[in-house]
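First, one chain by itself in structure tokens, the form predicted alone.
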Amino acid sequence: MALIALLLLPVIGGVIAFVVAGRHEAERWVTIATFALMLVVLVAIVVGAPDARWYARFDYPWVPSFGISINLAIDGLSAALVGIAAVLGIICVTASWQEIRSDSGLFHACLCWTVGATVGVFISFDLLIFAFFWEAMLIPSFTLIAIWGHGDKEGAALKFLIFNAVAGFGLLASAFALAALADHMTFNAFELAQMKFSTPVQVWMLLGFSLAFMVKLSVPPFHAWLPEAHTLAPTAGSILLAGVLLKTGAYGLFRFGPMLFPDGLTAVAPYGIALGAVGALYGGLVACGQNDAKRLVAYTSIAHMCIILMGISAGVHYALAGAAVEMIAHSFSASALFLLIGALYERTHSRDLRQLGGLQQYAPRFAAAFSLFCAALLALPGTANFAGEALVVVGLFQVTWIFALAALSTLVVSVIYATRLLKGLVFGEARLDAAVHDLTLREYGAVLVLAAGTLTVGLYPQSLIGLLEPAIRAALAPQLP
């Protein structure tokens, strides 16, 4: 029942936040309490787990005549992503404390419901329930961008919705087809994994699933929604997009690719690696040319998601481990950068690298935080990003040295955009008329949490790899031909 509690807490919390809005910031405290309770339940599940593979499972035959069950399970990978979602939910509340003043109840309800739907994605193993949560997370996310965004927020929200909703039909169609082709009608992923489908069937079903996953991962040419959504969303929306929503695509491919379509994944893996290499270089090179700091970080997200795609497609132990670690590492670093850029925009009403600079002169905590997370963006040793990307590159060398070199070349490109971000914001001459006040205690606390995650995993990667290892071993695919 703890897994049901993980799903219900954000739903109920969102309703309460909406109802109590306007009473001494009650909606903000209710939202924080909701995510804190989720963390307590999650820790209780992990600590009380009977075995290392699955910490908890729940199976209820909801519509047995159609093979639909509420099949939930959580392992180390799911637990890490659920934990990240809850922590980022709390950080989103602190980041938007001053920014959001209108319809605050609905805003915090949407935060709760977005996180709740992503938790459903991370723990569902019935494909129809998984598809339900996949589509459900679009509605509150769309609302966050459309109501509290900036500039052409409605256009950005519509593009986000259309891309992801249309791609979701590929996932739904493949789930229906898979259930129909099975020995008996079922959407249970564990049962489907035991059945033998021909390689062509696996390839077609995988392509249907991958359409949804690639759009969410924002792999070129499916990325057109991401720059506008990231740039025009409120700070909390950008944090959730980078830290949680993008990871649902990576998680889906990591979890269901090897599990349901091992032969199909092997057949298309070379194309996945090639697509990831092209996308990583594209994202990195386009990021180098951006003057809007938020847009620059958005394009770096494309590059890092493509590194994850290369790791999953390679299908060997090091690459899969690197992809799993990079999912978590990118959540820390990208969320922190969006948090800092949002705080800077609140103070200066600008994100233009040509108009800012000199933060180290009057906002040392701001400057130090930017420097740390730019180092993570660069994947410097000692950061979690280094651990993830290094493992992916090592795994790629075991499979194909050409694409391993391509992955390494993206690290060279990252030097350019990270240096440009540092030079435009932290160093150089201050171009603003008035000094920017430093991080508040609330902002500083949020940054410290993300910095602790980045450095802990960076300095002691085994602390995360040990948690993820059972899921990594389960995802091990046959070697590429």
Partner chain sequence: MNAAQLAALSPIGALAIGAVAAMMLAPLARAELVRAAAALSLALAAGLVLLRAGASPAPIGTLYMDDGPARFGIVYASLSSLAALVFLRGGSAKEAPSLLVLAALGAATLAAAGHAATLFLGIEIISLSLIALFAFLLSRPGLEASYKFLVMSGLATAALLLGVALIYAETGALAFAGWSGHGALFALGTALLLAGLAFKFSLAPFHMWTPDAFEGAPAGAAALAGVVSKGAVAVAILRLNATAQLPEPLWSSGLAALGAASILVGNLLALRQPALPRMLGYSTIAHSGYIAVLLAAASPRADEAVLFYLAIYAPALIGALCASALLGKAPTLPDLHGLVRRRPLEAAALSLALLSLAGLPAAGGFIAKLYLFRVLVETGGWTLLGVVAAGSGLGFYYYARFFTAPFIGVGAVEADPLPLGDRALLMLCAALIVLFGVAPGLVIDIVTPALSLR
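Positions refer to the first chain, counted from 1. What you see is a predicted model; the values in this text were computed from it and never measured.
Another form, the form predicted together with its partner chain, is not on view; read the next lines as being about it.
Do all of 29, 90 and 123 end up near its partner chain in the predicted complex, with near meaning a heavy atom within 4.5 Å? No residue of the spot touches its partner chain in the predicted complex.
Any of the heavy atoms of residue 106 lying within 4.5 Å of its partner chain in the predicted complex? Flag for residue 106 set to yes.
Report whether the minimum heavy atom distance between residue 68 and its partner chain in the predicted complex is within 4.5 Å. Heavy-atom contact with its partner chain at 4.5 Å: present for residue 68.
In the predicted complex, residue 366 touching its partner chain (heavy atom, 4.5 Å): Although its partner chain is absent here, residue 366 would stay clear of it in the predicted complex, with no heavy atoms inside 4.5 Å.
Considering non-hydrogen atoms and a 4.5 Å limit, does its partner chain approach residue 132 in the predicted complex? Residue 132: contacts its partner chain in the predicted complex.
Go through 403-411, 171-179, 194-202, 358-366 and give me the stretch that gets within 4.5 Å of its partner chain in the predicted complex, heavy atoms only. After filtering at 4.5 Å, what remains is 171-179.
Which one, 285, 274, 394, 165, lies within 4.5 Å of its partner chain in the predicted complex by heavy atoms? Contact residue from the list: 165.
Given that its partner chain is left out here, which of 278, 207, 380, 147 has a heavy atom within 4.5 Å of it in the predicted complex? Contact residue from the list: 147.
Counting only heavy atoms, which residues in 296-333 are within 4.5 Å of its partner chain in the predicted complex? Heavy-atom contacts to its partner chain in the predicted complex: nothing from 296-333.
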